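Presented below, as structure tokens, is a lone chain in the form predicted alone.
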């Protein structure tokens, strides 16, 4: 059955100058499988399908929404047997297995269109072997969230260099407060620190080459990353016993003023605000420069749409991808009452929220540095698992580095062979 367009969606389309009947050359059926199964994302996806259906009177949009976790094991079969036209997935190395298996279609021709320049911040994350294999519709920033009131009391400014970062940290420690909170009980949070220190030390291309198994973990450049990280560990910069805390539990140290900052994703802001840190006390800065010879790279996990290589209606699939990457649509689906994240299109608008604004500006201007997808998305699953165990161990027992790197290198040789 054709989906009906809600009054709100119709008004939204009218406001963007899109009317039913435009692109009426599209016909047949457009089959979409989406893993946007949680309530807010589901409403967004259903709205997108309804709008696109209404825009094309001769086209029927069939939308199948599957459980997000179940989709991780179902996607390969779905793309192999009676494939849909469009699916949801993730950028960078998370799409690599489906590119290598010939299940995702090359959409480089879309990226060659003038309008796609507004998505330049994620082009690298959508590129494998010099070709683009999907389009992004949302992402969110990582960075350093900090207690502005503590910084103000100590006369500190937001650091832009590693030397300033360490000098600030020493002043914070001297005041009896830890520099950073972190909870590594579930391992992944340590991955954020590695992503940033490694990419700031060696650059985005090096970081992604490591994620793809092309560089040995015992390489001197990797060791330099850990040497930089150890400077903070040896200072006592991190809260004690962090391996006992989840990332949410670790927030309390900052809420209570026992730690001054947290390297974390923007999803943490709501909990900080709920804990009593209003925008006069909570602020954000971009992770500082370590090596001035490399561009900024940022962790910004990116959700994507892909065309199946077996798509029965590729023309409609590509038109849908143009639709979901437009500034107007990305503005709407990332609004606070929808996904509440950041549009990738640099010409989109964002909600009046200081952290979303700072994140949008930071990521939209990052076409040169590259967008990382986060350690457990950029590295294959087994490598990520063993790697994050090693990162947590290093934070607790930094003297174990040689053993850790040998273990990670053994895993690399097995996983990528």
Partner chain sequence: MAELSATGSSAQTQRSWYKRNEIAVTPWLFLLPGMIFFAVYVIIPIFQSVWISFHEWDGLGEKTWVGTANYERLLFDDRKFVTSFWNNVKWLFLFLLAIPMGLMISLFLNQTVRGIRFYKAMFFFPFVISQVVVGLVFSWFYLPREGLLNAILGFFGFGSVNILGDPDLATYGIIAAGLWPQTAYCMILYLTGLNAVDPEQIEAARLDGAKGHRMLWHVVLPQLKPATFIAFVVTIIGALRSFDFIAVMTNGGPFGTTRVLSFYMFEESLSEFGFRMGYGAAIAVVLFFIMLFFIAYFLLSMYQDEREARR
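Positions refer to the first chain, counted from 1. Worth saying up front: this structure is predicted, and the values here are computed from it rather than measured.
Just so you know, the form predicted in complex with its partner chain exists too; it's not on screen, but the next bit is about it.
Asks: Using heavy atoms only and a 4.5 Å cut-off, determine which of 73, 82, 170, 157 is in contact with its partner chain in the predicted complex.
Replies: Only one option qualifies, and that one is 73.
Asks: Quick one: from 226, 296, 217, 98, grab the residue that has a heavy atom within 4.5 Å of its partner chain in the predicted complex.
Replies: In short, 98.
Asks: Kindly indicate whether 123, 210 and 413 are, all three, within 4.5 angstroms of its partner chain in the predicted complex, using heavy atoms.
Replies: No: none of 123, 210 and 413 comes within 4.5 Å of its partner chain in the predicted complex.
Asks: Answer with yes or no whether residue 349 is in contact with its partner chain in the predicted complex, where contact means some heavy atom within 4.5 Å.
Replies: Flag for residue 349 set to no.
Asks: Although its partner chain is absent from this view, report whether residue 103 comes within 4.5 Å of it in the predicted complex, heavy atoms only.
Replies: Yes, residue 103 lies within 4.5 Å of its partner chain in the predicted complex.
Asks: When the contact criterion is heavy atoms within 4.5 Å, does residue 40 count as touching its partner chain in the predicted complex?
Replies: So residue 40 does not count as contacting its partner chain.
Asks: Does residue 62 reach its partner chain in the predicted complex, with heavy atoms at most 4.5 Å apart?
Replies: Contact check for residue 62: no, nothing within 4.5 Å of its partner chain in the predicted complex.
Asks: Based on heavy atom distances of 4.5 Å or less, which listed stretch (244 to 252, 332 to 340, 146 to 154, 198 to 206) is in contact with its partner chain in the predicted complex?
Replies: Only one stretch passes the 4.5 Å heavy-atom test: 244 to 252.
Asks: Pick out the residues of 288 to 315 whose heavy atoms come within 4.5 Å of its partner chain in the predicted complex.
Replies: Heavy-atom contacts within 4.5 Å come from no residue here.
Asks: Closer or farther: how do the Cα atoms of residue 187 and residue 69 compare in the predicted complex relative to this form, given a change of at least 3 Å?
Replies: Between the C-alphas of residue 69 and residue 187, the gap narrows in the predicted complex (3 Å or more compared with this form).
Asks: Just say closer or farther for the C-alpha distance from residue 215 to residue 101 in the predicted complex, relative to the shown form; it changes by 3 Å or more.
Replies: It is farther: in the predicted complex, the C-alpha atoms of residue 215 and residue 101 lie at least 3 Å more apart than they do here.
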